[in-house]
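Before any questions on how it binds or moves, here is one chain, the form predicted alone, in structure tokens.
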């Protein structure tokens, strides 16, 4: 068997009615299945990278033997309560990053800074690696990247910004699905093709179209 994973990962996950901004291309049942497919891609990569993933969910949820912590509180409150109880480094990664690779994860956790930050588009934060979790807290939503840099500075912690296209590509909007169909190799891409979503080219721009089929 492989060695016991050394890096613990917490993945916030919303099983019920996720990704509402994709409602124009998927109904609720499809969005929930798509969210599970993306989660599956993330979990598989983390295992391959030698990490030990767990879920932070608002409702009881079972997923392929991954441990689930149920916390009905708001995301920041739930994560900060979790961090305050951890003594070893923690990797916080969002569940909607289906393009991440094991090499990118390994590069992140191999850094020497107290905090590793992978920005999302528009000022968000997609991944945080916190070596001293009891000395740090999170503040998601809005321009959370700027907030997480400031929190590290205020706490006297060093930080490193990790430049990774695949880890920076979170899936929220219809247009984001283009990246999965172009670059994806896992469950998420398979799900999109299964429900009839394909690339389209209109006015010189790549988009998404859905074929009608039973």
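Here the structure is a predicted model, which is why all the values come from computation and not from measurement. Positions refer to the first chain, counted from 1.
The discussion below concerns the form predicted in complex with a further copy of the same chain, not included here.
Taken together, the three residues 13, 40 and 95 lack any non-hydrogen atom within 4.5 angstroms of a further copy of the same chain in the predicted complex. Here the chain stands alone, but in the predicted complex its contact with a further copy of the same chain, taken as any heavy atom within 4.5 Å, falls in 171-179 among 22-30, 44-52, 66-74, 171-179. Taking the partner from elsewhere, residue 155 is found to have every heavy atom lying beyond 4.5 Å of a further copy of the same chain in the predicted complex. Of the heavy atoms in residue 138, none are within 4.5 Å of a further copy of the same chain in the predicted complex.
Contact annotation for residue 145: at least one heavy atom lies within 4.5 Å of a further copy of the same chain in the predicted complex. a further copy of the same chain is not drawn, but in the predicted complex it has no heavy atom within 4.5 Å of residue 195. Contacts to a further copy of the same chain in the predicted complex (heavy atom within 4.5 Å) from stretch 114-136: 119, 120, 121, 122, 123.
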